Each structure stands twice: as structure tokens, then as C-alpha cells.
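One chain comes next, on its own, written out as C-alpha cells in the form predicted on its own.
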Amino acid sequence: MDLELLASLRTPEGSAALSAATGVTGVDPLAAASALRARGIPAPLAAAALTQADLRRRAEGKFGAAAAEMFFTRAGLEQATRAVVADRRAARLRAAGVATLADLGCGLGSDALAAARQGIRVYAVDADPLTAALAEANAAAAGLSALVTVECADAASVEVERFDAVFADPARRRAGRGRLMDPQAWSPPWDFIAALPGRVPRTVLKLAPGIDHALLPAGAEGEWVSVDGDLVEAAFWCGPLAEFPRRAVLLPSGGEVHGSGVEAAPVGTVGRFLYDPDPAVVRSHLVAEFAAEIGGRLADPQIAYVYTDESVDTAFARRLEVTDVLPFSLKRLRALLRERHVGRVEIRKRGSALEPEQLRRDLRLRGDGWASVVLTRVAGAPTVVLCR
């Protein structure tokens, strides 16, 4: 995809090509290309339309029905904010009284569009010309051009003080290098990003879920978000936007756990039920708050499995019923599983160096039963918790 092909796709001829490409997605690529060329569609336009049709199909999981009118690149789609996350963030900004927003590193425009749907006027920039053009095209396709202005520009050139709030999503990948772990290698770099709250107090920073908690600006809120159990992002809410030191959010339900992130959970024995918390709870360091919510405890102060003696319904963890607790021994575990005719196991682990697939092979299972094997530590000792 380049700027010329994007412009072609936005013409009536391009729209016809996209419609034709949508009708042949899922078939052999060569046959699909031949079908489009048979309709007189030039080869470059046909290839671009087929790529867009495939990306739109893949994007449905992030954007729902709106994906059918949007424009994507593979990298852009991978990095774009899911609509359910962007919509929640935009609603929170609107509730905080934000009327104008600078979107630095707008990508394909997911967050800008969500903010505009809340009535917020957005000035969005991206340093890549094609990405900026795609964001502009997506705003037009959504009928939001009156509220979203997109420009190709360096984020550092934006006079952010003119806006009520700033949203920044620094590029954390580089072609040929994958994820950039050093925040100073991001674009824009961390020094620029970290200085934004001092310029515009109402600043939101979208970051990778593995972000170091030590980078959280003083007084800011660290929020970790999961969608259907998949941890997708962290966000730092700064200045008057901060409500709690830490927050874990589960979408699409909207459930939340919040607290200081430094509390210690009570430690005791393994109970009848084991809870494996949602990754947003674990990564936000809110396991103690979750444990308090269900009246639970840890069996090891360093391991984020929570135990109770009574069953408690919760959306924030997967609950398993404990049947056996034993010191780790491959021989003993294999014998116990064979005795119970267990032929299929789910293996979970925290605090264990064992590789689940290697353990699965070593167990040499036989039978038609099923069990969960949890590799963990109890009071520092390697332990197997067998569950159902």
C-alpha cells in the first residue's frame, strides 16, 4: 500500500474494486486476483483491494461492523486500539470535561474516532505519511471529518498547550527490529512523553502492558486493560484524570478492581478452590485487592494464585476446584494421573521453570479423564496443585 493506491481505493473505481474483492475473500488468492482482473480491474488496484478486503475481515474482531468501511495496513491493524478500549477511554475523557484533544501518534485513528464519537474535537498527527492518510480516510469513512483533523507531523511539533487534553501512543516497534524495549528508542522517545503531563495536566499515555511501574508519573493512575481475558494495554492517566493509583479493567464487561498496588495479601494454606486472576489484575499489582474482594489468601507471598475454602463467583479470575496438593515429583504425578485414568491435562504455571509441553510429553498420559495441573510454589517449595 502507498499513497497513490490509497487514493485509488477511495475513488468510485476503487470502491467497486473493494466490493468485488469482498465477494471473493476466502478463496484461492490467485483465483481471486483472476476474478478481479476479469472484471477489468487493473492488477495493482486489484491487489490492493484484495489486501484491504482481507484486512477488513481480520479487523472485525477489533472494530466490529465498522471495519467494513475502514482502511488498514497489516502493521497498523496489529497496533490499533480495539474499539471497545478506545470507546471506554473516550467516554472517560468526555466525562472529565475534555472538549479538545491532541492525539499524538494517531496510527489508523481508532482513538481519534472514538473521541470524536463522544463529541470531542480531535487534532491527530502521525509522523508516517501513509498512516496519517489512512487515519484521515477512516475519519471520512466514519463521517467524522468535521471533528477530526489529521496531519502528517512530528509529535514534538504540536503546540499541545492549545488543547484540553493530550493522548499519546508512542510507536514501540520498528521495521526489522520488532518491539523496542528501551523507552528512549520509542517514537517519540520517553523523555518527550514523560514531559507531557507537565505541559498539559490532563494527559493519557497508551503503553505496552509490560511497562515498568517505576515509569508511572507521580500522582498518575496506572490502568491495565484486558479484553476477553487477553491483556491488551496499559494506560497512564495523569493530573486530574487520575482517580486511583492502580486500576485493572475487564472488557467488555467493564468490571474493575482498583487500589494502591502495594498492599500485601494474607498468606495461608492451599484452599479447596484456586483462582487464577485475570492478567490485568496481576500486571496492575492488584492481587491483594482481588483476594480481599473474595476473602482469599495466597499460599506463597510471591505467587499470584488465590485460594478460598468456599466457592466465590468472580469475573476477575478463573476458578478451579482443588483435588490434590503434592510436592513436585514427576514420578508421583505420573502415577497419580494414571491411577485416575487422566489422558488430557491443562497445564498452568506460576513460579515454575518447567516447560508445560515438555512435562506433557514426560507424563505419557493414558485414559479418557481430564484434569488441570497447576505448577506453582507453596511456602517457597515447588508444588503441584491438581484441580478440576
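The model shown is predicted, which means the values in this text are computed figures rather than measured ones. Counting begins at 1, following the sequence as shown.
The form predicted together with a small molecule is left out here; the points below concern that form.
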For this session: Answer yes or no: in the predicted complex, does the small molecule come within 4.5 Å of a heavy atom in every one of Ala80, Cys106 and Ala155?
Result: yes
For this session: Find out whether any non-hydrogen atom of Ala99 is located within 4.5 angstroms of the small molecule in the predicted complex, and reply yes or no.
Result: no
Problem set entry | Contact flag, Ser110 vs the small molecule in the predicted complex, heavy atom cut 4.5 Å | yes
Exercise. Taking 4.5 angstroms as the cut-off for heavy atoms, does Ala127 touch the small molecule in the predicted complex?
Worked result: yes
Exercise. According to a 4.5 angstroms non-hydrogen atom cut-off, is Pro217 in contact with the small molecule in the predicted complex?
Worked result: no
Exercise. Among 313-321, 234-242, 251-259, 162-170, which stretch sits within 4.5 Å of the small molecule in the predicted complex, heavy atoms only?
Worked result: 162-170
